[in-house]
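A lone chain, given as structure tokens: the form predicted alone.
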């Protein structure tokens, strides 16, 4: 199955810029998430791939085939919309087989394919039920089965789990990933849910301000964000203002930290240390470590599986996650491994 290549794609609606100069090469047979806040252009990009919108400039290729000259219904792309868009007057099997009927496939073959797909999405035996008799999770699976009936080259899903309750959504994240692995089909999921993207994706495309901010594996995106936007959007984070002292150290909140710095940074440059809450260690007494900060506990939030502690350090609030036995008002120390801090330009 060929790679999907997006070359300098831009999209404008009148004077409104929806996408600006987006270029991507997406791997075959992987689950890819377009992740970003509302209005960042991720659904517009998905619709451009599907052929439901036309780009203002740029090209999209599936392998060596340019898609822009091919009508949406001829691109052999399966798509699941946020609303599922199932036909209420048709039963489950006929919903799944509808695309095959349009293509002139005979009834026996259509129904056989529908049964195969019902088994694939773990809903065997429900072919004669009407859509109104299904739960939200079952409808979501039927929408996926219908999109897969035509054996598409690409499988596109626009926030397919957003209408489900939290527990069912988490279960379906796993089911969707397992389904993609069984089929080996290139799948693109649009979502604004960071946990959803981290759970399902082989590759995450972080989008913001109508362009791609970073592309990479989930753990790479999480631990090595390229800029402040990505570091702030993916998970929770601490941003400590700092000043470059020399080629191997920064000054932050009244302390000096020995840390590897990009060669592009000059002495005196203002930067931010990005440190995940779980990478900070909390101590009730001063630890024998060089990278440390003194502070006061301002608030403690028990999250069940962990405890989030907010510590004020030199007028700056930092979040720490871990199991602690401390109280509001306690004087504490924070420490971290410099290798866990990411230097971000301001």
Ligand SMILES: Nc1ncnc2c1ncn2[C@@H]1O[C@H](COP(=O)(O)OP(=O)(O)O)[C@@H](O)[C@H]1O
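Residue numbers count along the first chain shown, from 1. Remember, predicted model here, so these are calculated numbers, not experimental data.
Separately, the form predicted in complex with the ligand exists; it is not shown, and the next lines address it.
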So which stretch, 277-285, 32-40, 295-303, 65-73, is the one near the ligand in the predicted bound form (non-hydrogen atoms, 4.5 Å)? 32-40
Using a 4.5 Å heavy atom cut-off, are 84, 135 and 138 all in contact with the ligand in the predicted bound form? no
Scan 18, 24, 326, 332 and let me know which has any heavy atom within 4.5 Å of the ligand in the predicted bound form. 18
If we define contact as a non-hydrogen atom of the residue within 4.5 angstroms of the partner, is residue 44 a contact of the ligand in the predicted bound form? yes
